[in-house]
Structure formats: C-alpha cells, structure tokens
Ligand code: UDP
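Just one chain follows, in the form predicted alone, and it is written as structure tokens.
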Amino acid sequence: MADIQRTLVLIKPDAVQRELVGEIVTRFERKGLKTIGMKMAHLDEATLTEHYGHLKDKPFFGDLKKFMMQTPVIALVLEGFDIIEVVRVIVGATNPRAADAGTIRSDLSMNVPSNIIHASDSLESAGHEIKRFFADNELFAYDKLTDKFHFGEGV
C-alpha cells in the first residue's frame, strides 16, 4: 500500500479577492484529500524571496512578490496518496490557457501571473514549503471517517 504524503497549497491573492477559496478547497475535499493545516497569512518579502528563489533572476520576480503581498493568501497542507501528482492534476498547468479542462486553473483563471494557486512540485519541495509556512503545532493528525472510502479499508 502506498504511503500517505503531504503537500503545500497556497491560494493566491487573486483567488482570495475573487472569493474562490471555498470552491478551491471543495475540489480537494471532493477528491478525498485530508486538510491537516489551513491558515490565512500576509506573506512578507523575505518569505517570498525564499519561496520563489528559483525565479530570482527572472524579470518578473519583483512583480511576483508584489502581487503575492497585496492581500493575504490561504495556506493549506493536504494529505493523501501520491499527493503531489494528484494535487497538480487537480490544479492544472501553470498557464491556465494550456491547462486541461476541469482543472482549477483552466476553470477559474486566464493568465500566468493570476493563476490563483500554488502547489508543491515534489515531495522534497513540499517538505521545505510546509516548514516555511507552518509550525509543527499548526498541523493536525486526526481520523476522518471517510478515509476508508477514499483510501481503502487498511487506512
């Protein structure tokens, strides 16, 4: 049986402004993913410089940080089987116009700067990103009655 894994999702300022938080969270819940951490936070420049450090040489880096600081974001930690792949399929391609129909980005956004959501791209990244946005005491382990229906009787 596969291991339960964790990932980080950030619901970006454009989704918060457009009041899409509930719809986005609902998509993960309907898939059967377990939310083990959730909070609203204003991101500061230091956190964003670390988080998007791989983009620091790109001409849009400053605008990206400014965009991400304009309003709070919603940070989620989700748990499930093959979580990175599953969440990235639900989220869709970075460019919403190239995302598969039915994904969050395809259905709810039109351009890359305002693509409404961030999702970790690997288990290694997820581990670093979860620690960047959540303290250990902000993550919760609990039994969810529907887990056996989503993941099988052995969970």
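We number the residues from 1 along the sequence you see. On a predicted model such as this, the values are computed, not experimentally measured, just so you know.
Below, we refer to the form predicted in complex with the named molecule, which is not included among the displayed structures.
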Taking 4.5 angstroms as the cut-off for heavy atoms, does S109 touch the named molecule in the model of the complex? no
Given that the named molecule is not shown alongside this chain, does R88 nevertheless sit within 4.5 Å of it in the model of the complex, heavy atom to heavy atom? yes
Going by a heavy atom distance of 4.5 Å, is R105 a contact of the named molecule in the model of the complex? yes
Wondering, does L55 line up within 4.5 Å of the named molecule in the model of the complex on heavy atoms? yes
The named molecule is absent from this chain, but in the model of the complex, do K12, L64 and T94 each have a non-hydrogen atom within 4.5 Å of it? yes
